[in-house]
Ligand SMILES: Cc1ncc(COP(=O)(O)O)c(C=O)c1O
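Heads up, the chain below is alone and in the form predicted alone; it's given as structure tokens.
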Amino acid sequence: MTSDLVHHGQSFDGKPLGFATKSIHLGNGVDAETGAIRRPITLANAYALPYDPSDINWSSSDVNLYTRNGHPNQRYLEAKLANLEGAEDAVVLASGVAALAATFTTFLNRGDHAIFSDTTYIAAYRLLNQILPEKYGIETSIVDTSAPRNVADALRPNTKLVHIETPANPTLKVSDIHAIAALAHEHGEKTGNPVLVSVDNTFNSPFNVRPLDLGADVVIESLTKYINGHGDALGGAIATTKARTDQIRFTAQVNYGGIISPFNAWLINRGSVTLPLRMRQHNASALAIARHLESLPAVRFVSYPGLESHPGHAVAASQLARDDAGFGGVLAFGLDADHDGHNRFVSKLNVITSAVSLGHDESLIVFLGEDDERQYLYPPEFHRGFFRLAVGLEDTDDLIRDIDHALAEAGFPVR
């Protein structure tokens, strides 16, 4: 029977456990009541109170009181993610956007200043560019974080947070986590006003990159994507120190109510056991497809950090967490075509599905046209519209054949 040491990610012989072993065993254990070797789904909203509940802290998230305060399935998943990310603790919330909002609203107050990447997930962009400044009086600066000097130039005495997303959604721009963290922390030491660096690591997952090892203070994951991997559950995670997760739980979980459901936490925990196997396939297929797209005359550009032609390739390679890591399963590309030509290509695909999201078992593609509100922040090659392709787990050759067939059927040259 698997030992409790392994279930908690600890060595049984003095040697560290591998990523795959931890993905399978962390957060799992034998159910005390039934003897099942899988943690059950606990769907209760409320839990039995002790004989004298007068000493209970009703805002506590450490004991089972009420599911909004926390529940067993959430805690099992948090234990796994904290270890995989190399953090003291993790908080799991209802979605990736809930995790972003929790980070920003917990650590930023009126009058504070935050710096964020000029290419980010749309919800992060709206939170930092519109909602926080307009409603809460938080100052923000949009910066091209692919050049660390831009972050250094934007730092102010009241800067409290630098938020980067790398690779960035949807252009795959790469930022140097280590360099930016060093600049931010040095600035905080000089001013006496500590600066936190948060990294949205969704496109990488902790299999490919561990931002905390590179100097970041907070790492955010949309669990909906690679960590779940099956396109059937929403969740978000924040991994950092225990002192910070306590703040986040009080703010975003107990008082904002951003709790993940027990069923979604269970689904994501189940999906996460195959994370390393899936990421290897995502990484390999995406690189092969990106190289193939670069060879096609109908393709105007390809953006994928695994390509030597990508301006952030060297930085991305330097950040990989292990020898068998890669550059993720998402790439962007544009055709030498107008708006209708891009849509015509998508209509001819047979294996790849036209849908949002990423990290699923099936490949997903979405066309981002000229109406994207962030268009002015993108490099010029993106301005005529482009695709974000999230490569799934299908046979690589089938995906390449599907792309070639769709191009031919839509009237584009393939060779």
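Quick note: we count residues from 1 along the sequence shown, nothing fancier. Every value quoted in this text rests on a predicted model; they were computed, and no experiment measured them.
In what follows, reference is made to the form predicted together with this ligand, a form of this protein that is not presented.
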query: Leu293, Phe386 and Leu407 each touching this ligand in the model of the complex (heavy atom, 4.5 Å); finding: no
query: Distance check, Thr224 to this ligand in the model of the complex, heavy atom within 4.5 Å; finding: yes
query: Proximity of Thr106 to this ligand in the model of the complex, heavy atoms at 4.5 Å; finding: no
query: Residue contact check: Gly235 to this ligand in the model of the complex, 4.5 Å heavy atom; finding: yes
query: Distance check, Glu165 to this ligand in the model of the complex, heavy atom within 4.5 Å; finding: yes
query: Contact stretch among 335-343, 208-216, 96-104, 145-153 - heavy atom within 4.5 Å of this ligand in the model of the complex; finding: 96-104
query: Heavy atom within 4.5 Å of this ligand in the model of the complex - residue from Gln319, Asn283, Thr159, Asn169; finding: Asn169
query: Single option in Leu358, Ile352, Leu65, Leu26 placed near this ligand in the model of the complex, where near means a heavy atom within 4.5 Å; finding: Leu358
query: Contacts with this ligand in the model of the complex - residues in 122-142 whose heavy atoms fall within 4.5 Å; finding: none
